[in-house]
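Single chain ahead, by itself, as structure tokens, in the form predicted alone.
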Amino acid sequence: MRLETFQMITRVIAFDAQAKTLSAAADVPAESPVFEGHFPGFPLLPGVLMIEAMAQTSGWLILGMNGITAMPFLVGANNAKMRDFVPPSTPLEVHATLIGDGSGYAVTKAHITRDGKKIAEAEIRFAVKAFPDPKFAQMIREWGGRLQFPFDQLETA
């Protein structure tokens, strides 16, 4: 996880197109400028970054379901709940399930676990739009390669 560049996911753990689920690892770094202000002497991962981790995991799920033909853009989060603190050097797992898809929108339910215990959850909404530039689509594929996304399991639209 690189907080300064909003790279919240470390790697994709599992993608199941039939179950419409994706799980990812998100290893909170030991040090980051984010912790300097959140909070001095008591560093914690900000809740908004937990929502971003759930959004990115959900985004990779949607990309997998559409064969990386269209990009999900975050448009909202409902019922977000943060249930515990997350200090530096914490390994997390982020899970997403697609619960709605159509008319250019998609909705997921996502949650974060630490040692199997749920520590955050939210319903995440996306507008799904064509890539505005082929270079953007290529950048997403390269990013997926770094995340070990299982391209051989892509759904084809």
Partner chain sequence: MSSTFDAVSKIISETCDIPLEKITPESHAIDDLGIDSLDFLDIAFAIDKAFGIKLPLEKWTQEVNEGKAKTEDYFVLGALCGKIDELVAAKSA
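The shown structure was predicted, so the numbers you read here are calculated from the model rather than taken from an experiment. Numbering follows the first chain given and starts at 1.
Just so it is clear, the following notes concern the form predicted together with the partner chain, a form of the same protein that is not shown.
This chain is drawn without the partner chain; in the model of the complex, the residue among 128, 34, 68, 51 with a heavy atom within 4.5 Å of it is 128. Stretch-level contact check against the partner chain in the model of the complex with heavy atoms at 4.5 Å: of 85-93, 53-61, 100-108, 39-47, the positive one is 100-108.
Mapping the unseen interface onto this chain, residue 75 counts among the residues with a heavy atom inside 4.5 Å of the partner chain in the model of the complex.
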